[in-house]
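A single chain comes next, written as structure tokens; it is the form predicted alone.
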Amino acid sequence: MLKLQQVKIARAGQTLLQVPELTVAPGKVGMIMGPSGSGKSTLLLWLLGQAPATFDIAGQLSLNDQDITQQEVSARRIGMLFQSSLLFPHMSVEQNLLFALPRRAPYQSCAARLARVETLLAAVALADKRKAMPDTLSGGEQARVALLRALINEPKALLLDEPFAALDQHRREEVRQWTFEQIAQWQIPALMVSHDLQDRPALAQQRGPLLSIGNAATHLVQE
């Protein structure tokens, strides 16, 4: 469970975003909607533990009932998915996933690591793309590989920064639904920021919390 309490983001004395309280359960997707410049992406960086020094940020972050507000980035085990897939262009799909897979038990041997990658790719119908280079993949395929790369580290929570904005309308709906299904299957809480109103109907099926930001005020719209 991911929980934010009394979070406030300000810059140069001006409040950009406030979240009195927001809780996202395992397998659910919470969403914060608001215009550009409202502090949404800065909030995600703070959740990661990489808050920009130019912002004044206060609040408490808990993950699975543990206060992690002051934890280092590596200790938080929070994954991130961006608008761009950010796949390494000089690496194959398999190599991109292996790069993100930590060398910890039970994935220390080469055989175990390769088996893990093969299993994940097969689960999302991309087994035949294992040796493919990113520039040969469709936008939807790149998005799926990017999500797998975020999940392969087995994060305790996942952050989504406008992850579907770069896709065309058809692919956007398909990838959005697939992404939410994967989050439900992995049973981790996820928090997405977006300014696209078309993300709201898909979120409603997740029954996750939705916060709408406007004029430095945050309102709980749906829970």
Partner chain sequence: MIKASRLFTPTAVISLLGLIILPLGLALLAFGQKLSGVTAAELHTFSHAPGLGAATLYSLALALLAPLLACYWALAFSARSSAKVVAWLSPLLSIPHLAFAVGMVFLFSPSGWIVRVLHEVSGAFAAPPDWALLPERSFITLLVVLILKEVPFLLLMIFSACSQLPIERYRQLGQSLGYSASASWWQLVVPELLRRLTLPMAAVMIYSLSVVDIPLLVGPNLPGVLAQEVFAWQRDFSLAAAVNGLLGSVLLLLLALGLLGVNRLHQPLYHWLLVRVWRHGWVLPRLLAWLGRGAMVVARIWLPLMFVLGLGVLLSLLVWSLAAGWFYPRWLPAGLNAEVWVREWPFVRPMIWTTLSLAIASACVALVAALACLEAQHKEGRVWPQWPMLLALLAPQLPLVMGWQYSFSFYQLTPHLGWVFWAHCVFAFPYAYLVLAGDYQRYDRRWLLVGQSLGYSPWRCWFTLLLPMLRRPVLYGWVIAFSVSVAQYLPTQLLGAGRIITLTTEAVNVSSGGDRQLLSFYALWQFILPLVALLAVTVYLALASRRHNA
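Numbering follows the first chain given and starts at 1. This one's a predicted model, so the numbers in the text were calculated from it and none came from an experiment.
Another form, the form predicted in complex with the partner chain, is not on view; read the next lines as being about it.
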Original post:
Any chance F82 has a heavy atom within 4.5 Å of the partner chain in the predicted bound form?
Top reply: yes
**OP:** State yes or no: in the predicted bound form, is some non-hydrogen atom of P106 no more than 4.5 angstroms from a non-hydrogen atom of the partner chain?
**Re:** no
**OP:** State yes or no: in the predicted bound form, is some non-hydrogen atom of C110 no more than 4.5 angstroms from a non-hydrogen atom of the partner chain?
**Re:** no
**OP:** Indicate whether A125 is a 4.5 Å heavy atom neighbour of the partner chain in the predicted bound form.
**Re:** no
Original post:
Heavy atoms within 4.5 Å of the partner chain in the predicted bound form: which stretch among 175-183, 30-38, 162-170, 44-52?
Top reply: 44-52
Original post:
If you check I78, V117, A143, V93 against the partner chain in the predicted bound form, which one has a heavy atom within 4.5 Å?
Top reply: I78
Original post:
Mind listing which residues of 88-109 have a heavy atom within 4.5 Å of the partner chain in the predicted bound form?
Top reply: F88, P89, H90, M91, F99, A100, R103
